[in-house]
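Only one chain is given next, in structure tokens, and it is the form predicted on its own.
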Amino acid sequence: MRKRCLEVVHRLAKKNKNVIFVGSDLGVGVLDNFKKELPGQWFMEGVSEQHIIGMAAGLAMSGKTVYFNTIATFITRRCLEQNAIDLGLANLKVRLLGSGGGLVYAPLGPTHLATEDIALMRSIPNMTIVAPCDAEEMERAMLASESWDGPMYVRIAKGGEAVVSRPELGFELGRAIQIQEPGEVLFATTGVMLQRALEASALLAKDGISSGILHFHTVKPFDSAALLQAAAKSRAVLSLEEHTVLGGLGSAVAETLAEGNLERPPLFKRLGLPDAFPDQYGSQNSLLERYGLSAPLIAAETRRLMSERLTPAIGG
């Protein structure tokens, strides 16, 4: 996914001299062709992420569209003030490409795990947040990013994910994609959790439980209308995210449902990472399993939620 993302930046830069790439201490050989072909549009800075945000802001103020890539924790958590003031307040065309969203860097422990990146960036006015599900959707998002106004955070997954997006369903920043028609259950997903929702849906189908999937490649701005329309047809809604349940997709879904005034509000459950620093090292998949985000565990939690009945209010 990262490789495709940076390849598209190179293509955009070849067509538009105002497209600039900035990297922070990336590996040797990253975008070598870009560097050779367009040296005036390619910059590699050191371990100085806050400085680079200021540098990117200055370039954007000069009419450039800047793509800055480094590890997701460093581009969000470390640079939060600069992202808010230099980019959000000034509403500049800088695209923050955060490698390793979620639990990708599981072998390196909590210092490198971007488990609250969406919550941090979602709190910044004017900041758009995009989390593609696979390399094909990443390409569509990056192509759309060039003309999008204001700053943008793009969450990049590990890479090598199965392609589950479907080009015939279209792509528009800020608009959710209905992957499966609403059923008894509705999964609201972002990023690579779309694949797990598809797998969980297949498991539930064997039990006769129909499930729809609404994919939010754009978490902010959030497509509230699409969620409410789909949720109105479902008995239960579950949000799936490789992110803390605080402040991310699940919060956006909960806020929308709470204020949506649906005639028959669905049951709701946020499935994501707990409000705690991970206490184990391992692989991305092993930690997803630990926190209940494997397809079988998602299906099991869905069955449990579906079995619930609302308790009558006291005196009701």
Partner chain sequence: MTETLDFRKQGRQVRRKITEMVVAAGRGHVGSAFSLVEILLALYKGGVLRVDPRNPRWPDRDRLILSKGHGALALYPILADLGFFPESELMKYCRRDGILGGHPEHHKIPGVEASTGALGHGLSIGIGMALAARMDGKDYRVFVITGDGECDEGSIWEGALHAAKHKLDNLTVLVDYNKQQSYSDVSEVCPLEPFADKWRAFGFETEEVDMDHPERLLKILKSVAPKSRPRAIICHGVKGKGVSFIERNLAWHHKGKLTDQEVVNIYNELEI
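Residue numbers count along the first chain shown, from 1. These figures come from a predicted structure and were not determined experimentally.
Keep in mind that the form predicted in complex with its partner chain is not shown, yet the notes after this line are about it.
**Message:** For the three residues R175, E181 and A188, which mark the spot I'm curious about, does each lie within 4.5 Å of its partner chain in the predicted complex through at least one heavy atom?
**Reply:** Not a single listed residue reaches its partner chain in the predicted complex, so no.
| query | Among L257, L31, M55, L287, which has any heavy atom within 4.5 Å of its partner chain in the predicted complex? | reply | Flagged contact: M55.
Open item on the list: Please identify the residue among A144, I85, L108, L246 with any heavy atom within 4.5 Å of its partner chain in the predicted complex.
Closed with: Checked against the cut-off, the match is I85.
Requested in this report: With heavy atoms only and a cut-off of 4.5 Å, decide whether M61 touches its partner chain in the predicted complex.
Outcome: Yes.
- Query: Taking heavy atoms and a 4.5 Å cut-off, does L89 contact its partner chain in the predicted complex?
  - Reply: Yes.
Notebook entry, point to check: Is there a heavy atom of K35 no more than 4.5 Å from a heavy atom of its partner chain in the predicted complex?
Noted result: Looking in the predicted complex, residue contacts with its partner chain do not include K35, since no heavy atom lies within 4.5 Å.
Note to self: Please determine whether I298 contacts its partner chain in the predicted complex, using a 4.5 Å cut-off between heavy atoms.
What the structure shows: The answer is no: I298 has no heavy atom within 4.5 Å of its partner chain.
Counting only non-hydrogen atoms, which stretch in 217-225, 97-105, 75-83, 159-167 is within 4.5 Å of its partner chain in the predicted complex? Of the options, only 75-83 has residues within 4.5 Å of the partner.
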